[in-house]
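Each of two forms of one protein chain follows alone as structure tokens, named structure 1 and structure 2.
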Structure 1
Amino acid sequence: MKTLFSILLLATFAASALAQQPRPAKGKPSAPKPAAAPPALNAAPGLARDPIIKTQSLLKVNVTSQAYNVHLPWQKESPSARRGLGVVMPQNHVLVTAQMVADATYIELEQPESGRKLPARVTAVDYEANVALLQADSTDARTTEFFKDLQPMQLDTGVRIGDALSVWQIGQFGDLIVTPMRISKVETARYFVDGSVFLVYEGAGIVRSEGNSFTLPVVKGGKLAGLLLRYDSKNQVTTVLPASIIEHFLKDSTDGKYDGFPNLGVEFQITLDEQFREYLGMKPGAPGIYVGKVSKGGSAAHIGLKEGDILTAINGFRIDSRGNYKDPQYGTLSISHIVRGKAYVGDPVTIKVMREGEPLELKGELIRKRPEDEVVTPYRFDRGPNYILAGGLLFQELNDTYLDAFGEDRRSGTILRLSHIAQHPEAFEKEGRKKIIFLSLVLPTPSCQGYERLGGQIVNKVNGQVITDLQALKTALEKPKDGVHAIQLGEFPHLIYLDDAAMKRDDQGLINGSFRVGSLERLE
């Protein structure tokens, strides 16, 4: 997780020297009157210096978060604090980035000027699109009182390259700090979790570091144009998560069933290389990209796209040799936006391909492969890693969160090997495995004498049963043969044995003894 700026501790002041202009309480919170919108902000650089621009749509959001320890999954790491800004949305909701609330243990909303606070909780979150919606976690009366002078902010999804926007921050005394920026580029880029590539705006300009570092709103004419995703202080590049993605998220979450953003599931290759084009039988100037890989469970596989196809159009948009199309709003943009940004799960999709020299049209609907359906879970927040501790043998699901914790160590040895397996789960999938279970660590207990140095081996079978997930392991561990568990591993030493009675004795010791293991398993 990256902090965008250095996080400064912020002193909160109960009173502000600035007079607050009283506003009438909202009648229908979901339909803010245009007149009640915050003072129109002209983002022209000259006006940005005006110290008394005010808004009723921003709250400070203070989050305490605590991730689980991936190596000792019954433990949590030290808690840490994140401070950011939330944007008031209709129905007393507050919008922040998902990154801000990942692994949160306590969330509170704070009024910038008065310093009043109210506990909050997450009502909807999408870690891929990096947006989350908060709601007060308090009585109705306190909530109504807290939100009574606040105004929901409207979204502006019409931003184009060249538009002048401003980044809003709140200073120590609740004063609004406005920094102008101009959109110079629109492209698709990685958001927060690996593999989550979505639309971004990029702008140049210096954003000064204030106490509230996360989730800064980016505003155009008083409307929310996006949230600050990251700021590269060295190159002074501001990356913005656009309002269109926020709108998609909000629309999707209104029905109570969140579907998320669909994915195409295609790895494509550019076709600029003339010799390659000639080999593929592509005519000079012909559109299209080479489909290198179609991943299982994605929309492309669902509608019948095949490896080796030349993808020439999606939903009527012609695809150039680099994999871009002409977007009416943003200009040249990666085709991933057609599926990943514009469309919803269940929307129809039409794909044109050249297959073996013949044009072909594929139709179907867009789907999304959920992260929990992956054999190797790409990310997991708010819940601890699943595990089973038996005697002293710690079994875990192989996932990216575990591997990422090793950083540079992924380049060699056991972690390189496990990373390789994580990137090639197909063989395990074919065997019917839902998850890949591995022996991650051995705690030094009497029943595990001789096994202390093991770790990093894939678990194939236990007591003769194929281990398809942790639940299967749990079941298998209930059936020792002659009081001994036989554990078959994918690598050296291939086979270890564990005494059932000694294991159970050690389990008790792990719970009550110096390791203070709270629970011998987590199976969520």
Structure 2
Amino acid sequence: MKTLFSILLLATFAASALAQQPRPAKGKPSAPKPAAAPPALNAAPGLARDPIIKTQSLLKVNVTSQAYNVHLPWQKESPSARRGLGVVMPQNHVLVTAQMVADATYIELEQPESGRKLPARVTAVDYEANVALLQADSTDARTTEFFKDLQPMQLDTGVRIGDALSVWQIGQFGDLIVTPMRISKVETARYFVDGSVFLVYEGAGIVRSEGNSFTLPVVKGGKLAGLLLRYDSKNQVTTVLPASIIEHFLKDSTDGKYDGFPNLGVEFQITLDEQFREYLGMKPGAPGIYVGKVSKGGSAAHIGLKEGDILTAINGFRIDSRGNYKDPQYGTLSISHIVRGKAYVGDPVTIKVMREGEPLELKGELIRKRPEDEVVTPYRFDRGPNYILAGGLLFQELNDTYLDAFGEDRRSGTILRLSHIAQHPEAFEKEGRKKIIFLSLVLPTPSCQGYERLGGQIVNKVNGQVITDLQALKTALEKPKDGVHAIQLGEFPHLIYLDDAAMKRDDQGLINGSFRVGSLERLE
């Protein structure tokens, strides 16, 4: 899974780019001071300069982050620094991208001109939608003083294709740098984490590379139209996270209980091929897409959608053979935006299908399957990987973060096999597994001699007990038979044995030993 930072490096956009998060503070802001207009830029022909300049709506955001080592999960990677921009929101909150504050250990707000700083913390975050809110982590008096001359920025959710926008950046000395751009396309695309497909704006224009290029606000008429997601310097194409997604996030988080965006949970096939349509019994010109898979725990399964159905409409929007609908604001869009953009968790939904040649209407409520409820967790930030270390055998939950750490090596050998399992976990779900537990590494301990090359094996049973998750593994390891643990694996040699007394001696030797093991387990 590529980070936004790595994507921007490949695009040669900015060496310091990564997503950020904002912090809110209490106190009523006073009227903003007038700001001097920035020097003229090389504006593209036909792009109007934004007449409203509000430097009081931006803060620098400095973040120190430290992710966990997925291969040695009791350790952390080396710390790294991220610098970006935050947008001041009402109630002294600051908006940034979630990527900016992922695995953050310290967050700091900084006024661009004066350099005054204030510690901050995350109050709400959505890694799928790539947005986060920050709040000052200080006394009310210091917070009020820090924000008194800052002006919250309003949202503009009415952007359409052809609109002229501008990207705001802060220069080295606190000066505002404005870069014009024009929206050329609206579509759905991946955000930060794999599988997180949401609405995006695509714009044309050259974006300068500054020292703190993240998060960059995209502005229309002095209002926030979105946040910059990616910039392709070769083709001069900018991808923007729209204000409508930000508005959804802000409304959802106001009550202190963030539900997130609902998910439909289906995989579908387009129905353009005439032979396929004939096989399905679809009449010429009939709308709809073929439902190839319904994920357990998603909205579709919740309301009764089935594999083999032909999905023809959602909430009154007709679905064409490509899986698109006509959006009243943006035109042709993927149906994913109806659920992951317009709707909230708990909203009613009506789905029309053709099932075995007969029309059927399904009704229910939209829900969200949390990433931690997936058999294979798609991402995990701000917390270390779950694991159990037993006598040198390291057991972990199979997840995409672990697999993505191998980069291109994910496509070969043992990791390719694990990747295939992660993409098709249905058989394990049917067995009742909550997580897929695998033997990720064998440390060189006396009790594990001869097992050194067994990493990457799925664990099926331990001491006769089916391993549905790490807690089940922990319970099974407490019940050796005649002082010996029998561990059944999915591949050769299928069954290995571990002496319980030797395992416990090795466990004591691992604690604070050469591998710097601080704890033999993490179960969260």
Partner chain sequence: MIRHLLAATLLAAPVLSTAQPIDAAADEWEGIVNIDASMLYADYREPWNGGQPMSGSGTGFLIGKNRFLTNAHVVSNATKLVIRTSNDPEPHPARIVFIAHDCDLALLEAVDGSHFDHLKPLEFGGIPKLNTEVIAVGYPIGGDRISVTRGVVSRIDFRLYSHSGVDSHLSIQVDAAINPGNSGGPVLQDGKVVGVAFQGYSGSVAQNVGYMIPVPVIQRFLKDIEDGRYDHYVDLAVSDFPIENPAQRRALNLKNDGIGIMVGEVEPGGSGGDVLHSGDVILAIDGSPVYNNGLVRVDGELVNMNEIVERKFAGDKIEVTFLRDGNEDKANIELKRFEPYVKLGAAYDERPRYVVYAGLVFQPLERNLMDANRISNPQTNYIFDNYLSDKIYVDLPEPVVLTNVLADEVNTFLSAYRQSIVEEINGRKIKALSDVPAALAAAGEDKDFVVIKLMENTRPLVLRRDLAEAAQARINQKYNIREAAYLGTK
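Residue numbering: structure 1 sequence, from 1. Rigid core here is just the name for the largest C-alpha set that superposes within 1.5 Å across the two forms. Here the structure is a predicted model, which is why all the values come from computation and not from measurement.
Participant: Between the two structures, is it 1 or 2 that corresponds to the form predicted alone?
Facilitator: Structure 2 is the one predicted alone.
Participant: Following rigid core alignment, is the displacement of the residue 357 C-alpha between structure 1 and structure 2 equal to or greater than 2 angstroms?
Facilitator: Result for residue 357: yes, a 2 Å-plus shift.
Participant: Please state whether residue 373 has a C-alpha shift of 2 Å or more between structure 1 and structure 2, with the rigid core used for the fit.
Facilitator: For residue 373, whose C-alpha is compared between structure 1 and structure 2 after core superposition, the shift is less than 2 Å.
Participant: Residue 274: how large is its C-alpha shift between structure 1 and structure 2, with the rigid core as the superposition reference, in Å?
Facilitator: Rounded to one decimal, the shift is 2.7 Å.
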